[in-house]
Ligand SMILES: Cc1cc2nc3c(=O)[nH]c(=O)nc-3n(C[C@H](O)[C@H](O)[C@H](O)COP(=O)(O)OP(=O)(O)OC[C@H]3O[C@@H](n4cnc5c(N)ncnc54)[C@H](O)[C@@H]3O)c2cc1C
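Form predicted alone, single chain, as structure tokens, below.
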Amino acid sequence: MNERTSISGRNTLDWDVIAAALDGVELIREPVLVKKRSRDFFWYSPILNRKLKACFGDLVARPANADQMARCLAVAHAHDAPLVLRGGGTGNYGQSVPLDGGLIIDTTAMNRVLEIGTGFVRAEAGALMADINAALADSGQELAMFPSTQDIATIGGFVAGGSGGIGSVAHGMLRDPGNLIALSALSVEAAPRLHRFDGADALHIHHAWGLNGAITDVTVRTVPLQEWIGCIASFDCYTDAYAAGYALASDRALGCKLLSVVDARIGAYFPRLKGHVRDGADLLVAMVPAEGLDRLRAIVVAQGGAVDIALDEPARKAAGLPHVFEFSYNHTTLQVLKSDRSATYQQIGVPDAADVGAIARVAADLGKDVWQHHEFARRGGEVVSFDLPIIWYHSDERLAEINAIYEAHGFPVYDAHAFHVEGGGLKNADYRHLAWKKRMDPKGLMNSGKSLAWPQVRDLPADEIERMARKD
């Protein structure tokens, strides 16, 4: 296989030899297919698209089980081959893009649901979130949370790169106690070792972008299955829609699974809602238990809105409409990008979810090229919100100006246009993650180039890196 150019350099490994060492593991070598599996949704960002679009791996392996994955890791270790793990490739920051070329380990063949018990499910890393939810139904349970991309997202990818999703407004973020119960991960050594991380220890691996161990299986929280009503309400004023969302999120007994607020201009890019919701209206998207529908209607009306759509699952299918969660999270960005690739987005924290006035004030300063879209969740038991605005991209300088406006109003920016984990994913170096990287990946082969802090600590003992975490 020919050398492949990457951002960080060029590897000159003999990929025929490596492929031969992996005989018996399903391999993909066709350049067009390798290139396809080298991408995720980084093209949502024009900045990342410029930087990452020419990065691709040299070989793809699809292990069928943990033993085959261990073999892939041992071969990579023996040849000093850079490696990247990927699931469905639904990340937005290039988490699964191989900056240095190398071996891509596609986990989607490791897709078994291993165990279902009361309050939990254990599945292999490559199991699709939608398939896990389907498997849970017979036990009268469902996942506590899942990403809006559940049809193609894997549980391992969600844990390695995600932080929350549909269900977070009821059950908190993935890192909140009880949601991520356990995981197992392999080290990258001559003889890879399987480590199990229970409870809070699982956070050593969670949201590290696959830098510090190859996840083989995950155990997450389940909750009783409910009859959900997908709702979309319309408002004449964005802040009224936001206030309704906050009121619903604060009603803990109501137990909404999803609460999103979408600017009317974004709603215009939802053609499948045409004729079902009022044109030109700001939208509140919700999933509410069937018994809570009347309470939701009352709160919406009290804030000046009207419920245009309220459908259970059979009615939704009969109407030919998508799930309402396809109008939330980064599905909103995708809906716009389907029509116009000049759009992008950003990830913005809201300092006080209850302060509707602050939402209006920052909007007034942002200008017409920024369209707000808020998601509600719980973190540590408290209601929080964050903005995933549509931004009409003009230049890097204008994007930086928008970021500065948000920050001047006290809204932290979690930059969606950075491919380092310390940029948008964590904002700061997580030395606990890096200490475990040293233990699990001593050569630094996993997802090379994705951590700014790793080169500064890679020669330190793991315990010393851990001490840096305690000082941080």
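Numbering starts at 1 and runs along the sequence shown. Everything numeric here is computed off the predicted structure, so don't read it as measured data.
Unshown form predicted together with the named molecule; subsequent notes refer to it.
- Though the partner is left out of this view, residue 84 does reach within 4.5 Å of the named molecule in the model of the complex, counting heavy atoms only.
- The closest heavy atom approach of residue 327 to the named molecule in the model of the complex falls outside 4.5 Å.
- Though the partner is left out of this view, residue 44 does reach within 4.5 Å of the named molecule in the model of the complex, counting heavy atoms only.
- Contact check for residue 254: every heavy atom lies farther than 4.5 Å from the named molecule in the model of the complex.
- Picking from 70-78, 156-164, 195-203, 314-322 the stretch near the named molecule in the model of the complex, with a 4.5 Å limit on heavy atoms, gives 156-164.
- In summary, among the residues 389, 102, 147, 267, the only one with a non-hydrogen atom within 4.5 Å of the named molecule in the model of the complex is 147.
- Interface residue among 290, 334, 301, 135 relative to the named molecule in the model of the complex, by the heavy atom within 4.5 Å criterion: 334.
- Annotation for 184-217: interface residues with the named molecule in the model of the complex are 209, 210, 213, 214, 215 [heavy atom within 4.5 Å].
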